[in-house]
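In the block that follows, a single chain appears as structure tokens, in the form predicted on its own.
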């Protein structure tokens, strides 16, 4: 079958494989890999503490179903430390073709193992998916330690679009899940209001901090109808980011505001989008790095500034 230049498949192929700077993909490697490293660093104590729980609390999740039971705490300590070392090399682009898949596998294992000891958290799922995707991409063709700055290959556009698609999928699936649970009845706001009330009551009973604006908004049921409509519009409208440009940036700003609202109403922190990491593939994140590396290059070789 001959594919004409104007056929839908050809148009889609040109859009999907449109060129993008190798530096942008390299910047995403450093930013997302750096976030994953810091994530493990901050939660290092927690990741080891759960390994000392009674074995009766173990419920294998994801890849950890390969195990017959929990690992010894020392073994898990080694896995976490090795994963952090691999992530550091991932950020630097060192021996990337070997290191990146190992770092992604280690991160998947560590987060799955943590989730096997109680509540299954989904806040880090997109981070893990992004790291796995980057591990399969030529993300170290620029700004990589030990790699000469030679000619980069073409075709980085599909890599960045794939990262955006993964982000879009998480929001669209969240919107679909709401409709599957309650249908269009979810829009009236009563389910959301009850959920926020129960969540904050549980926090109060267990000595936690309730959300700053929860009690104030619970007295105004009609406001939750607006919240529900906007939430569904944002989640199901996530594919607009694939268009790029100002529609994508406007959506990013709106969804970031949505996550801030979740803090004020439920005191739940989705750090990956809150710090902007979920949305970095939509943005031109290479610009600050290019400026920084340019200054370093001029400092090391003053002749370049002439």
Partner chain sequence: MTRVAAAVVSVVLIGATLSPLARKPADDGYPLSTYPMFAWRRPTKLTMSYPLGVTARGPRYLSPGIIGSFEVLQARAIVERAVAKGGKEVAMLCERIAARVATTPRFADVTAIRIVTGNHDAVDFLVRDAPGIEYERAACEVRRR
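Residue numbers count along the first chain shown, from 1. For clarity, every value in this text was computed on a predicted model and none was experimentally measured.
What comes next is about the form predicted together with its partner chain, which is not displayed.
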| Touches its partner chain in the predicted bound form: residue 17 (any heavy atom, 4.5 Å) | yes
| task | Please run the contact check for residue 200 against its partner chain in the predicted bound form: heavy atoms, 4.5 angstroms, yes or no? | result | yes
| Is the gap between residue 133 and its partner chain in the predicted bound form 4.5 Å or less for some heavy atom pair? | yes
| residue 54 within 4.5 Å of its partner chain in the predicted bound form, heavy atoms | yes
| task | Spot the stretch among 71-79, 187-195, 84-92, 98-106 with residues whose non-hydrogen atoms come within 4.5 Å of its partner chain in the predicted bound form. | result | 187-195
| request: Taking 4.5 Å between heavy atoms as the contact cutoff, choose which of 213, 144, 182, 230 touches its partner chain in the predicted bound form. | output: 182
| request: Sequence order please: the residues of 272-287 with a heavy atom within 4.5 Å of its partner chain in the predicted bound form. | output: none
